[in-house]
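Only one chain is included here, represented as structure tokens and corresponding to the form predicted alone.
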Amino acid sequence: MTICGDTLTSNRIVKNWIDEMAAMCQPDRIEWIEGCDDQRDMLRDEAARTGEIIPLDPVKYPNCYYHRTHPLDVARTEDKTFICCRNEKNAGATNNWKDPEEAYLEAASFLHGSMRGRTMYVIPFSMGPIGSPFSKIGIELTDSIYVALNMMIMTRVGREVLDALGSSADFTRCLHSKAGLDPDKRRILHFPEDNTIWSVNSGYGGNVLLGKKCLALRLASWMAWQEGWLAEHMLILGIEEPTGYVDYIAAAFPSACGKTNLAMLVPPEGLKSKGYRIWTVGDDIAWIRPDTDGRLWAINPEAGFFGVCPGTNSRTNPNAMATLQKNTIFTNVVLGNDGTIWWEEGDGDPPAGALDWLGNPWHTGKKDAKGGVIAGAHANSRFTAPLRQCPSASHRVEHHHGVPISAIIFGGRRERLAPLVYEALSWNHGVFIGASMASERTAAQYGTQGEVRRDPFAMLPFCGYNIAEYFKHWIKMGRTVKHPPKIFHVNWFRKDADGKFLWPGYGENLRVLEWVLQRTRGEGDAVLSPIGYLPTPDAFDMTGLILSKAAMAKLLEVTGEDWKQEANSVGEFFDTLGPCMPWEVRNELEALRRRLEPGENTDNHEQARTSTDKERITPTILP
């Protein structure tokens, strides 16, 4: 075994661990990743020679590359993902659990000799700005150049990270090997008590970029539980007013609810005259800590975007399309013989001589033997692009102290139930809203269309410990922080009787965010409903947007019988989470049920909290 280049650290703990893992995996070579441009170029050239990546047209897509994963390795594998802690209770009802000793032994049998004939790349990385009190350091060992190149986009990599670590043992030990890509032997293992992650027999980004969901959410949520902060599946968005003041919002949505689109929002024409500017801090993960000012502050621990391609276009997300024009890796999209790429609901027409994500000749409308239309790009095809290239990227991304959070937003995809936006009555009520989050399956998703899928805080696949204890932790955070953010729920997906969306979404969502920020300042017109504070129909600035009064009334409608059914469904879901469910969240459910009874809507609450004394127009609240 040879070591290529300099060993970047004198830290004996790091070096001994690498020696131990190398003895198990038996690579031919070990190469340290410094993160410099010259090394990146050499890695790209080497991967291009082996066919692991394919260079795209250098004029249309400078420094961009194409990659295909194995057909059986195209998404996160939740059934092969485990929390490996000593006490099974700490993993909770929503995680797969393995005894740590059993998990190490099984995975070691898959990893033994897995890197023979390959290079082990040593990737020192920082989640968060290097040296920030928010940040965590990890070292990933991998036999995949694809992983190394992606980690150089998604994290801060190199010698400076090791300098910050010094002689400390406080780093996350991340080991990955493609091995034989055997799906039956695929394991994504998290050992929170050892600060360790092992991944074997996968090459898909969500399973192998171990700084992302594995560290930044599953392990970090455990760390946050122990250390008194929050690791959340949230975007962070800054809204700058003409005065120059910027408010920051953190928002959590389940999949297919437009998180990345909201993070890169472009103000609509009707509001541009107000001079708003939008700043993208992050589109996926937020680490949130209480500060001495009594507020919650947040960073995005990532340095790049690992975004879904299908549906991303110049209408839905022009900033994303501008971001990925250079220095980007595209995975499992359509590849043209001219070195261009394409995906469904993207821009323009498919390229000539197209190959689909499997590498087969493809054209629009191509069908399989049963007459089904064959998609060119995989539904989970991805782009990996540097955040700094986003036109709306905030200068605060690299700030060691992060940004103060004024509002937290939860959301979901509900065709009938949830209004466009409502405000929680209190912090605990907001935690209940987050704990009961749900979306309805779309036709493009596996399962019964319209089926409600609970995804509390959008963290169901990512919470690294007992999710009922996670709810308790959120309740505790509200008591810890003197000035907690206000909490809201949004639903961009309400439909009319003909199945058409009532709200245009995308950039127009800024109208809703404007009201949210008004409410955080004690302004904004609202009325009380059984589910929380609703905006009045005239609360939004609708300049440049034509929407009928009937449509607005429907968007803000709260139907008692539907919400009673929802309360029952939430109660049933809570019952599945075990005996650790906090009483505060249970109390909020019972309080909702009481408010839904006739005559109980407003008995013990102020009618409205508004910025003026003018007559209110009450949203429709049906029995």
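Here the rigid core means the biggest group of C-alpha atoms that line up within 1.5 Å when the two forms are laid on top of each other. Each residue number is its position in the shown sequence, starting from 1. The structure displayed is predicted, hence computed values, not measured ones.
There is also a form predicted together with a small molecule; it is not shown, and the following applies to it.
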All of 221, 401 and 478 with a heavy atom within 4.5 Å of the small molecule in the predicted bound form: no
Residue 259, heavy atom within 4.5 angstroms of the small molecule in the predicted bound form: yes
Close approach of residue 113 to the small molecule in the predicted bound form, 4.5 Å, heavy atom: no
Residue 492, heavy atom within 4.5 angstroms of the small molecule in the predicted bound form: yes
Residue contact check: residue 245 to the small molecule in the predicted bound form, 4.5 Å heavy atom: no
Position in contact with the small molecule when the complex is considered in the predicted bound form, options 318, 270, 505, 131, heavy atoms within 4.5 Å: 505
One residue of 544, 311, 391, 339 in contact with the small molecule, assessed in the predicted bound form (non-hydrogen atom, 4.5 angstroms): 311
The small molecule in the predicted bound form: contacting segment from 292 to 300, 279 to 287, 319 to 327, 180 to 188, heavy atom within 4.5 Å: 279 to 287
Core-superposed C-alpha of residue 278 shifting 2 Å or more between the shown form and the other one: no
Residue shift check between the shown form and the other one, rigid core fit, residue 239 Cα at least 2 Å: no
Rigid-core frame, C-alpha of residue 405, shift of 2 angstroms or more between the shown form and the other one: no
